[in-house]
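Taking the form predicted on its own, here's one chain by itself in structure tokens.
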């Protein structure tokens, strides 16, 4: 798959921008800081996920002074052309269309733009808290096995409903509330177990890819360990029943896939506590590239690869090694300085203070 064209209107700091990335090579998006380089990648990723990889509310995507942001992309997969149109409005409900059909859930994006994103903040997957690792893993599940994305949405919806019910109870349960909680527990147990199993399958497939990628990036054989840690033992339905009293007191759900974690190791040592900053960054990059490679194998076509400021801490050797690990396909990368000479640049988009800013 590749992105044939992208048009932005009032997205972030970009008033108007339209361009055609190189379909098979590396397109460099460059310009001074503050001109919207990362925002270009964010717009493409939004078409793929209906979310900002910066973790901000959708309203933040609208340029200051504007009332709506519009992103239009045309993607090509084989002989099939797909148009994806998104509008983020401050006054009305935001919307997204794939080939003119409204997107109601993330799984509706399966036939649209597919993308893998690496940003400098990805080091939080290694050194941060469990939430960053869960977000990474859910991104991988949705990309590698799109049908499983439905479990992510179901779990999020059930958790919101269950939390509202727990808070409304004020720590006390009666017959009607207990019956309603039983229903939500059953739904959470089914969707939560399915999601955790999907995460475990993807994680198991990622481990050898991540080991190979780290080894290629560093030139030294390094074993990457990825172990999924559930927040419960036995069945999730039993765990929810056993923890209901605590949930009622605290007004939140204390066990489930939203509390799970991933243990990351390098040669058997915990990467979060024993790896250097450079090793953590390399591992974070390797995890995204491994996901990209796994998705390429599973989907028989590479997603669009988006690399934000990836060369800021890589020497020329590792920059060359990075590109050698990437399957053939379309890549867009941002940089404020000229890319290393080892980067085979196919096209360049220069942002500045003109029409694009």
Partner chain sequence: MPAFSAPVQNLVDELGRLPGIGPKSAQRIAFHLLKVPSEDALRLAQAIVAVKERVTFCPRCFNVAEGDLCIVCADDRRDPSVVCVVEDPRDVVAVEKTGGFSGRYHVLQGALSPIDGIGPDQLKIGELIARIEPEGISEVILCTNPNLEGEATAAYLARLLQPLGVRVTRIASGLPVGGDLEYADEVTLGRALEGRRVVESAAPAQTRPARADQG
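Take the two forms, find the largest set of C-alpha atoms that superpose within 1.5 Å, and that set is the rigid core. Remember, predicted model here, so these are calculated numbers, not experimental data. Numbering follows the first chain given and starts at 1.
Although it is not shown, the form predicted together with its partner chain is what the next lines describe.
Engineer: Heavy atom within 4.5 Å of its partner chain in the predicted bound form: which of 105, 95, 229, 221?
Structural biologist: Contact with its partner chain in the predicted bound form is made by 105 alone.
Engineer: Which residue, 259, 157, 201, 135, has a heavy atom that falls within 4.5 Å of its partner chain in the predicted bound form?
Structural biologist: Contact residue from the list: 157.
Engineer: Within 4.5 Å, heavy atoms only, one stretch in 135-143, 213-221, 157-165, 192-200 touches its partner chain in the predicted bound form. Which?
Structural biologist: Only one stretch qualifies here: 157-165.
Engineer: Could you confirm whether residue 77 comes within 4.5 Å of its partner chain in the predicted bound form, counting heavy atoms only?
Structural biologist: Judged by the heavy-atom cut-off of 4.5 Å, residue 77 is well away from its partner chain in the predicted bound form.
Engineer: Residue-level question: is residue 72 within 4.5 Å of its partner chain in the predicted bound form, judged on heavy atoms?
Structural biologist: No - in the predicted bound form, heavy atoms of residue 72 and its partner chain never come within 4.5 Å of each other.
Engineer: Is it the case that residue 176, even though its partner is missing from this view, gets within 4.5 Å of its partner chain in the predicted bound form, heavy atoms only?
Structural biologist: Heavy-atom contact with its partner chain at 4.5 Å: present for residue 176.
Engineer: If you check in the predicted bound form, is residue 254 within 4.5 Å of its partner chain, heavy atoms only?
Structural biologist: Contact check for residue 254: no, nothing within 4.5 Å of its partner chain in the predicted bound form.
Engineer: Just to make sure I understand: among 168-197, which residues lie within 4.5 Å of its partner chain in the predicted bound form, judging by heavy atoms?
Structural biologist: If the 4.5 Å heavy-atom criterion is applied to its partner chain in the predicted bound form, 168-197 yields 168, 176, 179, 180, 182, 183, 184, 186, 187.
Engineer: Does superposing the core leave residue 75 with a CA shift of 2 Å or more between the shown form and the other one?
Structural biologist: No, the C-alpha moves less than 2 Å.
Engineer: Indicate whether residue 210 shows a C-alpha shift of 2 Å or more between the shown form and the other one, with the rigid core used for the fit.
Structural biologist: No; that C-alpha moves by less than 2 Å between the shown form and the other one.
Engineer: Align both forms on the core first, then report whether residue 177 has a C-alpha shift of 2 Å or more between the shown form and the other one.
Structural biologist: After core superposition, the displacement of the residue 177 C-alpha between the shown form and the other one reaches the 2 Å mark, so yes.
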